[in-house]
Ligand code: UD1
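Given as C-alpha cells, the chain that follows is alone and in the form predicted alone.
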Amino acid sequence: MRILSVFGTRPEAVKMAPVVQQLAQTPGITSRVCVTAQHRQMLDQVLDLFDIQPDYDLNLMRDDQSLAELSAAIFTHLDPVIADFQPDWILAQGDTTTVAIASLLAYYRRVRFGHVEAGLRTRDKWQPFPEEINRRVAGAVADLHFAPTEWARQNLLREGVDDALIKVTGNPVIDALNLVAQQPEPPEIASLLNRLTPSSVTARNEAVSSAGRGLLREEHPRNDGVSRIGNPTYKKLILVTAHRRENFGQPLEDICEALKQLAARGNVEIVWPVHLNPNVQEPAHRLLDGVAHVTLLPPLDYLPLVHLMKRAKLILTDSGGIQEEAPAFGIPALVLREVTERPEGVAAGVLKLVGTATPRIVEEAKRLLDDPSEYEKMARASNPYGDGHAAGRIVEALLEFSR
C-alpha cells in the first residue's frame, strides 16, 4: 500500500509526525511525505524535531501570498507529485489550504483520501476563516474520516457520512506532545524563566509573606498522559498566542489592550511568541513594546513552546492546537474567539470562550488568577482529546479498510 502524507504548516507537521513515524515502521506500507511548505521556517523546525525527511518539498511559501495564489501553487506543484508516486492513499490533516487542495487533487486523480482530525465544525463559514470551509471540502472528499472525538464523529454522521467510514482515533497531537514533553527543557526557556523569576531567596520570602506576588513555583496537581514530574509551573506566568485571520485588525488591538491592563497588575509576567504575519507583528509591537511585565518573543520552535506551555499558569490563545495541548498539562486556557470547533474542551471545563473584547478577557483572566477555587475547577478537568495512541489507530484503520 502506497501512502502519500501531505502537509504544509507547523500544526499539521506536529499532528502528522506520529502518523508518518507509524507508517514508516509498518510492514506492507510504502510511505512518502510531501510538504508544501506553506509555512517554511515554522515547518522546518518540526521536521528537524521529529527527524522527518520529506521526499517532496514544494517550497511554496512567498511573502504576502494571497489564499488564491497559494491555492493555485499547490494545485500546479502537488499534482505532478501525485502523478509520479501514484499513491493508493493521500493523507492530510486538519483545515489548512494545503489539506483542502490536497483533498481535491486526490479526488481529481481518483486516489483515496484520508482526513486526519476530521469532523470539527463551528457551522459558521467565516469563523475560523478560511479553516471552516477547508475542513468541509476535505470532509466532502474523504474516503476515511479519522475523527479525534465522539463529538466530531456525530458531526460527520449529521452530514450523512457512513458510520463505517468514520474512525474515532483521538488526536495525534497528544501523541506528539507526549514525545516532546519528555525531552529536556531547552536552555532558552530556562534562561527566559530565570530572567522573569525572582531569586530563590526572594521567592521563598514572598511565598511566606505574600503568596501570589511574583512568580512562585507550584507543582501541577495531576497528569493526563503527559509527564510533568519535576516540572513546576509559575503561578503568574501567562502565555499568549494570537494569530487567527478573523482577529486581524481591531480584535487583535483589543487583545493587546487586555494584555496591557493585565500587565499593569504588576504581579504577572506575560510572554507572547509573536507570529511572523505582519498583521500580528505590527499591532503587537506598536501597542506592547516597552510595556512592563510583557515579553514579546520571536516565534518559538515547537520544543521550547511546549516547555513554556508546561510552565504557564494561564494560557490566552486563539490557536486550535493549543486548545488541545493545554488540557494535557492541566493548564486553563481562555480562547480568544467567539466560536470554537473544539467544544469538547469547553464542555469538559478545560477551555473557556472569551472572545476578543478587552473587558471580558481581563475579567476572566483576573477571576482565574485571583480565585483559587475557580482556577482549580479548570486545572483539574479531564482532557477530552486523546490518550497518545491516535497514530496507531489511524494506520490500523487504513490497513483494515484495504484488506
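Just so it is clear, the model here is predicted, and its values are computed rather than measured. The first residue of the shown sequence is 1; numbering continues from there.
Unshown form predicted together with the ligand; subsequent notes refer to it.
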(request) Have a look at 170-178, 253-261, 143-151, 123-131 and name the one stretch with heavy atoms inside 4.5 Å of the ligand in the predicted complex. (result) 123-131
(request) Evaluate Gln183 for contact with the ligand in the predicted complex, applying a 4.5 angstroms cut-off between non-hydrogen atoms, and reply yes or no. (result) no
(request) Find out whether any non-hydrogen atom of Thr97 is located within 4.5 angstroms of the ligand in the predicted complex, and reply yes or no. (result) yes
(request) Using a 4.5 Å heavy atom cut-off, state whether Met61 contacts the ligand in the predicted complex. (result) yes
(request) Answer yes if any heavy atom of Gln38 is within 4.5 Å of a heavy atom of the ligand in the predicted complex; otherwise answer no. (result) yes
(message) Please identify the residue among Leu165, Val291, Leu297, Leu276 with any heavy atom within 4.5 Å of the ligand in the predicted complex.
(response) Leu276
